[in-house]
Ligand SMILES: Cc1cc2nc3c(=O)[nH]c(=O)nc-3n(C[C@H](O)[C@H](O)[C@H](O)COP(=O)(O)OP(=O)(O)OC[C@H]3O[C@@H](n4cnc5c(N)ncnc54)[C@H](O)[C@@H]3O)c2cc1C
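Take a look at this single chain, the form predicted alone, given in structure tokens.
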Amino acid sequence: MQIQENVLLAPYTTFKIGGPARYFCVVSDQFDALQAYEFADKNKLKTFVLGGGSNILISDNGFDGLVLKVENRGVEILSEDANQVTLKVASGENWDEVVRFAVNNNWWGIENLSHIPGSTGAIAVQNVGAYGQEAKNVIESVVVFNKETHEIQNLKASECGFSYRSSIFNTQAKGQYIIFYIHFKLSKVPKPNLSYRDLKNRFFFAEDPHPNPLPGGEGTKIPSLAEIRSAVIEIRDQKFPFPTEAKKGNAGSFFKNPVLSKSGYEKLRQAIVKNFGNDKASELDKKKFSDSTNLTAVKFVLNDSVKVPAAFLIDLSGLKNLSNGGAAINQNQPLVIINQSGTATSAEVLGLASQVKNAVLSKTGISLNFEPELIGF
């Protein structure tokens, strides 16, 4: 393992933003990790573990410490029977390629998470969720290197503290572990999840297929994995510009969807009636469950909470055309801030995000939380 100096971090992120790392190394296994942390301890350096570079915004000043870039590879079948398969996936694997691999093998459970940029390790860190699926529902365990004990541990899903866009890896145990592998349990039995509104509108699902197509869908045929993946990619591309060289850099959703108590939701509704009228409040009532996971309408009622789409609040506040220097709100999905110019700075992105947060708070009383991790600020 080699430790480099003053390595620019922007090319390693999906935002294409960020200054240099004081020190930088590539980590492939626990021996690399041990050597890296020994170097950091000896030189009293802060450390940051970098995966696929999604869901982060790095300061223009870079990171004054040691960046460990995880680049292990491999997908292995740990167990398999007639109904399910358990995969061991290296955290450095490109996530969308893992989804493609599962779909091609007719394994169900992650197809709705297609076309999400970044590496596999981030899936556990953020408990990534999209279009009705959530990572915690298919993660069996996470294999990690413990920075403090220098040991490899296999953490069960129940030990990972998974919740909405959260886990122990980005909260109480942040910085303690390097994720090397994730064990996913996928189904061989068809389990199409069409709970998300856009997918539901695309397909009609029925347990007993009827020979005649019904209005509002493409028929009664259960969609295949490939058809669901294709639909998700098409829907995502309309809303989230995939951060390739041909499109605008971004970190995915920049703002989290607020989860409110029933009383909090009523306060929001009253603010919308006051500032925007009854029609907009009624529109919110129709939207509040549309971007949630399986049966969340039922779950949130039971938990006395409601998830509100932040994109609706941003749009309602008249911010879809907002920009700041080279950074801009993505008009098709205002949850996303894009590197519009290709040379946007982190200061411009944060300035724009702060404008959005302040405007939404002023008009609705809701304080939006940022989703990407802020590095080096």
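It should be emphasised that the depicted structure is a prediction, and the values quoted were computed from it without experimental measurement. Residue positions are given as counts along the sequence shown, with the first one as 1.
Unshown form predicted together with the ligand; subsequent notes refer to it.
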Proximity to the ligand in the predicted bound form (heavy atom, within 4.5 Å), stretch among 81 to 89, 151 to 159, 185 to 193, 251 to 259: 251 to 259
Is Ser167 near the ligand? Define near as a heavy atom within 4.5 Å, in the predicted bound form. no
Trp107 near the ligand in the predicted bound form, any heavy atom under 4.5 Å? no
Is it the case that Gln126, even though its partner is missing from this view, gets within 4.5 Å of the ligand in the predicted bound form, heavy atoms only? yes
Against the ligand in the predicted bound form, would Pro243 count as a contact residue? Criterion: heavy atoms within 4.5 Å. yes
Can you list, in sequence order, the residues from 95 to 127 that come within 4.5 Å of the ligand in the predicted bound form, counting heavy atoms only? Ile116, Pro117, Gly118, Ser119, Gly121, Ala122, Ile123, Val125, Gln126
